[in-house]
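Here you get one chain, nothing else, as structure tokens; it is the form predicted on its own.
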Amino acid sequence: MAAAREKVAARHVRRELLENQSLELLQTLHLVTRDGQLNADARRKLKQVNHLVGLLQPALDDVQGRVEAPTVVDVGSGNAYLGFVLYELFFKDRAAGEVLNVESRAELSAKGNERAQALGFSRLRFTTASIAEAAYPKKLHLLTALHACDTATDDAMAVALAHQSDHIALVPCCQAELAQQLKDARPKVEASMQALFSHPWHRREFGSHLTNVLRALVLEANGYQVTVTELAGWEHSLKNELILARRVGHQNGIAKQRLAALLDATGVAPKIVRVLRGEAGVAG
């Protein structure tokens, strides 16, 4: 464990970077220290972001091969490590296209815009708003939501579906909504099914897993080809699931049937389902 906490010395930092990734950017984002080293926490963050960038590259290659000015949106962007890295690697040397970061905390949005100006990233911008209430371009080509907590991931899905995003990448976090719904639904659910979530611990874990299964089915039912995979090794993060979706344009009747059957069997209705039913709103 001691080795994992060691800093990466300045002379070795370049080995940690992707091709064409600059030290200037990482220093601006405070991922690299003033003396040019990479501390353990920053190294973990960088590894996760760079691994995700590799998984997103096929989507970016697809949209940039078809669209002159693609729009990438990162919602719940926080410090926007992902947005800055995507811009440097895929947009900085192109004539058109933009990366929009949506963040509800005004201080982070202001800091992000300040950093973008300092780096000369003229088509990387921030807007201060919740995911559901932000103003979006009419067409989105890639929407990402990295650790958007609980139903914020559902808000991100609703935005992506409303704008027919060509690609979607979700790293869900803290899926708490269905645990309470399962508790309330328990008396109405078949006895054999109740055993999956009769204990509070199982209810939280099963509810978290069920949430993401339903999200994948919602995307498939609405015309997306979905892949669920691991974002990073468990040594880096317990919030580890990555849902990748590519719009194929035709709705999936089998997925719709499976979604309806699972909702009926468990007695739940996550936010994304309520939004699509018109029972919960999200801005377009």
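Every value quoted in this text rests on a predicted model; they were computed, and no experiment measured them. A residue's number is simply how far along the shown sequence it sits, counting from 1.
What follows is about the form predicted together with a small molecule, which we do not show.
Ok, Thr71, Ser104, Gln181, Ser208: which has a heavy atom sitting within 4.5 Å of the small molecule in the model of the complex?
It is Ser104 that has a heavy atom within 4.5 Å of the partner.
Listed residue (Ser198, Ser122, Gln164, Ser130) with a non-hydrogen atom within 4.5 angstroms of the small molecule in the model of the complex:
Selected option: Ser130.
Would you point out which of 92 to 100, 152 to 160, 112 to 120, 208 to 216 contains residues with a non-hydrogen atom within 4.5 Å of the small molecule in the model of the complex?
So the stretch in question is 152 to 160.
Taking 4.5 angstroms as the cut-off for heavy atoms, does Ala185 touch the small molecule in the model of the complex?
Heavy-atom contact with the small molecule at 4.5 Å: absent for Ala185.
Answer for Val189 alone: is it within 4.5 Å of the small molecule in the model of the complex, judged on heavy atom distances?
Although the small molecule is absent here, Val189 would stay clear of it in the model of the complex, with no heavy atoms inside 4.5 Å.
Even though the partner isn't displayed, in the model of the complex is Leu143 close enough to the small molecule, meaning a heavy atom within 4.5 Å?
No, Leu143 is distant from the partner.
Taking the shortest heavy atom distance, is Gln175 within 4.5 Å of the small molecule in the model of the complex?
No - in the model of the complex, heavy atoms of Gln175 and the small molecule never come within 4.5 Å of each other.
Identify whether the small molecule in the model of the complex is within 4.5 Å of every residue in the set Lys139, Gly223 and Arg247, based on non-hydrogen atoms.
None of them does, since no heavy atom lies within 4.5 Å of the partner.
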